[in-house]
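Quick heads-up: it's one chain on its own, the form predicted alone, in structure tokens.
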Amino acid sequence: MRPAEVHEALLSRRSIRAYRPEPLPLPLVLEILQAASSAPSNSNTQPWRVHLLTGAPIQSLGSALEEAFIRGKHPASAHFPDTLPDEFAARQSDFAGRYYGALGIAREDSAARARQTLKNFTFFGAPVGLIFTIDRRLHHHSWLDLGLFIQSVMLAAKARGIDTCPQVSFSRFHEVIAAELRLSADEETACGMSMGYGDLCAAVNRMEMPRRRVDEFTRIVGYEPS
């Protein structure tokens, strides 16, 4: 792939939360996963495992997750610490404003926000859902390897005109997912991912997410001023 193509895939990738109904051919999805498997991992341990769903199985899992969410059968979110440092809390708040604003949902409308959250568990209507798991006996360095693989999946998909959305919300529902997918005792749910052709008419898919400038997150050591 030419540098310009890599650059375009990186800049054009977005987390898509509304999809067209067109199915994805299995060979295409497998091609994406095979390409992503070239991602690096510590000592080539390749700690990722992918559960690929479509059709009736994706509907069955979605129904089970919706029921668990509505009935509160899940632990509280542990995605972030109870108190986020100000820097990160500000960006999280900015995201929420943009996200619910694009959907026309007021921040105080908890019922509408819950209905939108439910869409996570049906993969936002995407034809393909992926559940990523990892062996719970591994350390957090292996979770970094899994993250590299997941990013590679998204870029390999985008290079083929396929949209995705990584979704950490699935991790709270490991027990439901484990029962539905008959996971082994050593598997832990890391996240899910929606995959398909994005509905570019949906306002939620046209959100602009700001990114920090390189000079805001990079400390340069050793380079002489040019």
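Position 1 is the first residue in the sequence shown; the rest follow in order. Worth saying up front: this structure is predicted, and the values here are computed from it rather than measured.
Same protein, other form: the form predicted in complex with a small molecule, not shown, and the subject of what follows.
Legend entry - Ala203, heavy atom within 4.5 angstroms of the small molecule in the model of the complex: Flag for Ala203 set to no.
Inset, instruction - Would you check, heavy atoms only and a 4.5 Å threshold, whether Arg20 touches the small molecule in the model of the complex? - result: No.
Legend entry - 4.5 Å heavy atom contact, Ser152 and the small molecule in the model of the complex: Contact check for Ser152: no, nothing within 4.5 Å of the small molecule in the model of the complex.
Inset, instruction - Report whether the minimum heavy atom distance between Tyr99 and the small molecule in the model of the complex is within 4.5 Å. - result: Answer yes; at least one heavy atom of Tyr99 falls within 4.5 Å of the small molecule in the model of the complex.
Legend entry - in the model of the complex, segment of 132-140, 116-124, 82-90, 68-76 with a heavy atom within 4.5 Å of the small molecule: It is 116-124 that comes within 4.5 Å of the partner.
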